[in-house]
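Given next are two forms of a protein chain, the same chain in both, each as structure tokens and marked structure 1 or structure 2.
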Structure 1
């Protein structure tokens, strides 16, 4: 999945002997009666770029703020580098945070803002200036040195905030929506630079983002949050291809979800009957679920084939009528109504130039392979 990150990365989370750099142990945070973070346990390893992904208000910032030390967990404990963080104030934690609101000092120039952290550490002036200049070049802000924050654009401010959190080369860097205000090009450049920094300095990142493409690009692993809970953690591929819940399947990318019932339950395959599909689905792996329980089959739109003729496969073939077509250049998107009325999204690459593509109100056959199915029980 990830475009910039080499696939052959180490995977410390698969190694039971590996010691996590950040350990979050059943942490709960309540504001009055409201539970912002609920029983979250998470291990993050050195050198990881861990992305927290989730809808607005699900507790991502609150979790970061507890790691940075601005909030105390109501329950549970936090460890960084094996040390219990409960009694450690923010200014003594080996952590830097980039704030969602940037929190730039309005009375200081760009250089003073970025150099602030180095000054606190008593870094001599010459070295400080060199490091500030270097990091400003990295975020492409050279020439803005003497501006005050109010003289910068939103994207420039975001880059100052990013530079300020990077310049101290912390062991753990918490980035709260670091690239949201940047245009596509600058965003890709900065993503690339972030990965570079991470790989050269060995920084551990925890990145909050709304943007799943960004999460896919940057993350070694993704944690999907909803309503204060972590629903699933895994590599981008895991999360996309093997979601464990309806919510995760639906949140990452787009998905077709069919409600059904197990009718054949074997260790190596299952068959699910779905009224929405008007037939049964054959799944080429076992499912742990009570017989007769309601389950959902998730199929990604790009895994569905669309044909005029019935393909010669036995299972997972359904007829429908094309309702909508969107030609997007590289791909085309179709909305196909099954006979049950259920709408199915299909994405097909436009691999060759053709004029005889399926068109509106045409009868078509949808099909997918047994391995394209993901069965979730909740």
Structure 2
């Protein structure tokens, strides 16, 4: 989970008087008969790092390209800082875009790559050199200024591309899978560098990624996309802890999903009967659904406890047999088959060194708190 970001503390999206910095109004993009983006409306606020998250082909890059001006909406309008940008060409927009491939000029040095856009804009040499030196210091590339891209590591090339995008001081920076070319360890390190740079400069970021962990780390808010639509928008905590659909719950992280029927519906709690669980689930909040309606209960694996003895609680306790175990160092992951045959994923932290952990084919009890349940109806 990501740390609380300054934008999240302020939460301008909760203030009805706040003016969006980027406004997307009912935007649709068609390629022939194919609808890539379907009636998307979205507000993004100044200083945010907003992530569009979704699988390949969901429309997130098309939406980014429309903000950049590389594609024109079939319907709808786009505003940046209060100005209608729908028909404005890319070179006249206060926007820069950082591509997944970085697109550095191989024959140019770091300084030449970073300063290329300033030179094209006719910025005087002294000012250009000062701005390039300033941004190279910010991205920690001072001393690398005369190297060419093939003499740099993947992480350094990524920072050159970022510096080139930021040196022109855009109002909006669009990042298309910015860390996709880096290996896992370098990607994790670079995520925090990117956060620090964004917060230092205060530039509004719109980031496209398919990587859930990357979105959770970088974003003040996330928009989850699928089939050209934004299904849910919220902070990383909102998206993970309170998904509004089966798709979002399943796409973000790992989740156990149990189909059931609403059998007790009270304002402060509900009970859901589930054949997959072989019993009822108690949920400590109300649900907006009709009695006897089919619903799904989502429970995250890390919220499930696993014990050899039946725990001392009345509700949300089910028996099963351990089928698979994966030891990952910091955590162990269990796959437990309930008596109904339903498989349940359990993640337990390895907080101490023990030789008496639950093992394969053991009979165990699974349990979780009533507050761990999230009920979705679609």
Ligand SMILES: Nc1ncnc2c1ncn2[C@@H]1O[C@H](COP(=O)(O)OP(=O)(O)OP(=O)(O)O)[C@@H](O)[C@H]1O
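Nothing here was measured: the structure is a model prediction, and the numbers come from that model. Residue numbers count along the first chain shown, from 1. The term rigid core refers to the most C-alpha atoms you can superpose between the two forms while keeping them within 1.5 Å.
Have a look at both and say which one is the form predicted alone. Answer to the question: structure 2 is the form predicted alone, whereas structure 1 comes from elsewhere.
Would the C-alpha of residue 244 be classed as shifted by 2 Å or more between the two structures after rigid-core alignment? The answer is no, as the C-alpha of residue 244 shifts between the two structures by less than 2 Å after core alignment.
Establish whether a shift of 2 Å or more occurs at the C-alpha of residue 273 between the two structures, with the two forms superposed on the rigid core. It does not, since the residue 273 C-alpha is displaced less than 2 Å between the two structures after the core fit.
How far, in degrees, does the smaller rigid part turn against the larger one between the two structures? The answer is a rotation of 19 degrees for the smaller part.
Once both forms sit on the same core, give the Cα displacement of residue 161 between the two structures in angstrom. The shift comes out to 3.4 Å.
Can you read me the CA shift for residue 137 between the two structures, rigid core superposed, in Å? So the C-alpha of this residue moves 5.7 Å.
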